[in-house]
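Before any questions on binding or motion, here is one chain by itself as structure tokens, the form predicted on its own.
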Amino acid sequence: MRSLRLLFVSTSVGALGTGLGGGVELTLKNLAIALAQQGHSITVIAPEGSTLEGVSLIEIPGNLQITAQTQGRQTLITMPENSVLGNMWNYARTVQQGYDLIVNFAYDWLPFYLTPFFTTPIGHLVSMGSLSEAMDQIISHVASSYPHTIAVHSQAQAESFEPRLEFVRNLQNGFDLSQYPFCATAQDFYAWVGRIAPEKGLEDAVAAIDHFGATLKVWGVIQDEAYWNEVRSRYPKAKIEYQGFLPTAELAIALAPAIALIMTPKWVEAFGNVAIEALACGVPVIAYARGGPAEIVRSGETGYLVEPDDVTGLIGAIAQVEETIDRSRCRQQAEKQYSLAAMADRVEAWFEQILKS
């Protein structure tokens, strides 16, 4: 397709590079790299304090938005004083004529509401499943009024909304696989990666690993310190080694020797970037069959899918994963489905559909 001038508007819950934005940060970065390699021009609007090497970045000051997953389904839509969300979209409005397409990465009500008021088309890459009635309503409205402008990361994510989202693109995701070293031989530890918050279900992974007396290395931002302390106090003898939050390249090196990655989401995970990161390193993935991971893991071939919330099932998968899963097959799956080039092709097809309609 022809080269496009693209304006990316980032998540409003944290500066890029801090980890507060979860998987959205990596998705935005990888998509910027992939599309730049295809000859497109990308500018990113993000909260003040963001870092994004090699990409034109506009930092916008303001107060961060509260994360949607920490609120209930009936929670009203609110914005703080001097909202960075409002400030970013006000800036986007003033510069929109310089771009062919705006891409929204924020799981926020405002960008969807503003869609009909912009003259430059907006594509929305929805990063999470259904979390609130208000978000379900506004996303469904945009999906029906502006067909093909909504994209998701998995079919399970789209199906979590009520009503179910129609006319949406399932983009999955893509990664710079050169950053992920293949490790043919595992060391004596298991891995868990993600924001440390209740919806990520760390306690189930700890319970399963504690059964074996094995080591679980944990990477990610401690978003809920009370929850983290509660998990540790519940399993005082568990061998949990907190490794902090690491940039992508450093995380890949640290994660690569793990026996397996354990994913225990208590919610519908939209995709599960870390599952692909693990596979790219040759690390099998043991995951609850809930949300995106259920569409990624080939059970019995590149890991195991376990019934959601079934710790006994996790224990059974952990007991056999090292002897039954070929780590080279994990890498092969990542290369075939989740490269930057494959992602760029899917996204360009989405952009073409938006611009035609």
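The numbering used is simple: start at 1 and walk along the sequence shown. Keep in mind it's a predicted model, so treat the numbers as computed, not measured.
Same protein, other form: the form predicted together with 7,8-dihydrobiopterin, not shown, and the subject of what follows.
Contact annotation for V13: at least one heavy atom lies within 4.5 Å of 7,8-dihydrobiopterin in the predicted complex. Among heavy atoms of D108, some come within 4.5 Å of 7,8-dihydrobiopterin in the predicted complex. Though the partner is left out of this view, M128 does reach within 4.5 Å of 7,8-dihydrobiopterin in the predicted complex, counting heavy atoms only. Remark: I315 does not count among the residues lining 7,8-dihydrobiopterin in the predicted complex, judged by a heavy atom distance of 4.5 Å or less. Listed residues T43, S50, Q65, N30 were compared with 7,8-dihydrobiopterin in the predicted complex; Q65 is the one with a heavy atom within 4.5 Å. Stretch 68-76 is the contacting one of 156-164, 235-243, 140-148, 68-76, since its residues have non-hydrogen atoms within 4.5 Å of 7,8-dihydrobiopterin in the predicted complex. In the predicted complex, 7,8-dihydrobiopterin lies within 4.5 angstroms of at least one heavy atom of each of the following residues of 14-42: L20, G21, G22, G23, V24, in sequence order.
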